[in-house]
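We've got the same protein chain twice here, in two forms, each standing alone as structure tokens: structure 1 and structure 2.
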Structure 1
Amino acid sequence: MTDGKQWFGHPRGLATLFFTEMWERFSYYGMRAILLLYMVAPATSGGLGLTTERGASIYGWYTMGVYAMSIPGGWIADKFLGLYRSVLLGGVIIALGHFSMASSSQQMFFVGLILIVIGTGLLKPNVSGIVGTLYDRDDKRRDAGFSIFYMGINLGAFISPLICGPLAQRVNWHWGFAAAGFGMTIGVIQYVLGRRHIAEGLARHAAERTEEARVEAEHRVTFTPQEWRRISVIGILFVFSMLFWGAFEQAGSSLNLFADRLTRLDFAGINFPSSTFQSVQPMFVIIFSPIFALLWLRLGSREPSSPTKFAFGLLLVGLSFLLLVPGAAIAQKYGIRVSPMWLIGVYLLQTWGELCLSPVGLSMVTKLSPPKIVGLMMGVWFLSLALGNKLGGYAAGFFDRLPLPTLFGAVAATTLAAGLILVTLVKPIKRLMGGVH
């Protein structure tokens, strides 16, 4: 497809989008790794000197905004700008946002956050949308293409805390923000230079949309009861998804603070900044996604159904917080920093949870919703992520106000209970799905 050149057996445009999203996620996660730490650091060490409660609340609103904006971002691409220009404009706005935060003015800090929210809303849903245009409807490489793309996401998320983190925590916070901006700038340049590789897919997509609109105008289609049943499954999973991300996305907030304040920051004699822990989870995703893909393949007909995998995701994230309860208890009881192995164990379990739930969530949405409203339903999926992030920020706000074993225990109890409830719902959900797996 596209201009005929291949990249690992995939259309060459996949490489362009892989690196665009890699750099965008580089900037997002590099900045996120230092965001809360910067907000709560005392003014004497260059931070904003906010209370943990206030910092976590801003963190919650910001991370919620980033994903909630995907809904208008997708809509703007559909109605006005098209996919290509939305991604381009989004990337430029994101870079400007990070550079605003590189200045030491407090106002520019907040302007920066708002710009990143708007820019990510324009870029994130639409860059994935363009990946979809690279393949014909029945191209068997489509799923593999998305898996490779997910690797790009995690490669960016893995590298950036190792660069933005030490710059911010060891040199100057604002250098960390600037580094995130540079990353996004490289991504934008690379995207524009590679645009010819995605042109053909985009043109085909535009033609398909025109055709769709024509067919739609001819037959006013309504929902059938079967479709409504499937949509209701998305509604049920929405709630569980929100709870999952509410726990999972505390990586950048409560767990980041746990690393900063209560974890020993050296390994084999080397001392490292606390933000380094933010690289652990994406590293595990890179290691384990091929293993999980192989596992599902090996299991063949015994592969767990989508709702079962969803329940596994919740149970694993619940176990990860349960694991941290004794770690937090030891740290707070004796007033010491505990071994880094606690957090590494937590992130390992969370990654397994993510690999059970996240790919399933996305593909369920595409499989269960009537084609006409796939875009809308995708927005609903992003909204569950947005609300989950808000929930995570809310929980992190208790970091200084509750004993940590209580806080982590509450997160564990909520997600484990949700996972167990979902286990009992697997059968009825499968019935509602009516033949889709």
Structure 2
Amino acid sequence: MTDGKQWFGHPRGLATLFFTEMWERFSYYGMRAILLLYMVAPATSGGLGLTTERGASIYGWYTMGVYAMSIPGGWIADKFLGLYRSVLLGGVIIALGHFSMASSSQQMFFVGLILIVIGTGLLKPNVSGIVGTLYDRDDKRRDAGFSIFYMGINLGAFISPLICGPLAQRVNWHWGFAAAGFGMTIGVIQYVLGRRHIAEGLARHAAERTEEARVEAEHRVTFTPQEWRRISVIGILFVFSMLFWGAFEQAGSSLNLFADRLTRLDFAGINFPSSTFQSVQPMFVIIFSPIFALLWLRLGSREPSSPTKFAFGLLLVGLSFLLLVPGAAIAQKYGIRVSPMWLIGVYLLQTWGELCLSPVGLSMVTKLSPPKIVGLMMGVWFLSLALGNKLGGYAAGFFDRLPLPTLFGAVAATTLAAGLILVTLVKPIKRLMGGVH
């Protein structure tokens, strides 16, 4: 049972999960900040010496894999291990994967990628599922709680490139991978020590599943029509989520290459490695997460619905790529490195879009899913991120083959069109949600 203490007005278990996810994301984003750069770096500088197209393809398959594995990860949690043990095992496997990449062996590098894919599949959907168990279904703090949880994700994502990036680019690539492994190790230890704070929520979740099983056994009840309508909403927004992440997740691929090759790597007389840009977006999330969480609470009954927030997210990420088109044109036309402010502006708009869509999506899945399959449905939701990451990696493969204004303009047009289409679908989607906001 929990000790009854609150954390910023939320259940104390939110702190445990906040720091668990913070360290997991430290390991993931620290490694992601240097992954493609390492693969395309010449062998003489310690990299793998791959072409941009080949490196982007591997990057896309890898980032797709870490989210696609959320489906079997959620199923394993629902059927066998439970939420707590799935997260614990996943964290251990992720740490082993990062330490494998710290080896100078190319074979161990790919073994490490596979281990991280497996471990993330176990941890990612289920730690979000545990957050949902901290709140009753009608608890109005739920969306705000997920926004705070999301700030933990981005705190780890902000810190890690500042540590893993310089270690990798200025000392040794493998030191950067090792630092990511140490971060995940800290996260596992913290998770185990904080178990008592999430015990009550886990017990309530188990009781709900037991009661559902009893009712089904006695009355042969399947999912009700209303539950199927709510599940269909997850399916509809899945498509729009995939398109959003296809644009957004180019931060680690095409935008990372733009930073490394076409952006000035100095500010106010200070020189910095290109991987440092990977900290800009999570820094903005840390700044704006509490503002957005407070905004949703203050709006009360006027708070936009989940589909409306999704549309805002798509429109904002589309505008971010539209903003970059002239910057890319200047860089390629004159063969110069452009101001860092282009990318900073892009990341600011993307952050606002991310805060409208990502934490809201996590909260929505826990509200719309029947309790006994919440882990599986969270895994299905993360499949939208998987496919989005693959789209992002595919697009990055054109970095050396297309004029960048054309590439970034196509991304902008796709996401802006999707956002406008979703605006027209908000009312019918809200009817399917059956009272869930």
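Note that the rigid core is defined as the largest set of C-alphas that superpose within 1.5 Å between two forms. Throughout, residue numbering runs from 1 along the sequence of structure 1. Everything numeric in this text was worked out from a predicted model, so none of it was measured.
Working note: structure 2 is the copy from the form predicted on its own; the remaining copy is not. The rigid-core alignment places the CA of residue 193 2 Å or more apart between the two structures. Comparing the forms between the two structures on their rigid core, the Cα displacement of residue 39 stays under 2 Å.
Put the two forms on the same core and the Cα of residue 274 is off by less than 2 Å between the two structures.
Summarising the core-aligned comparison between the two structures, the C-alpha atom of residue 364 is found to shift 3.1 Å. Fit the two forms on the rigid core and the C-alpha of residue 136 turns out 4.5 Å off between the two structures.
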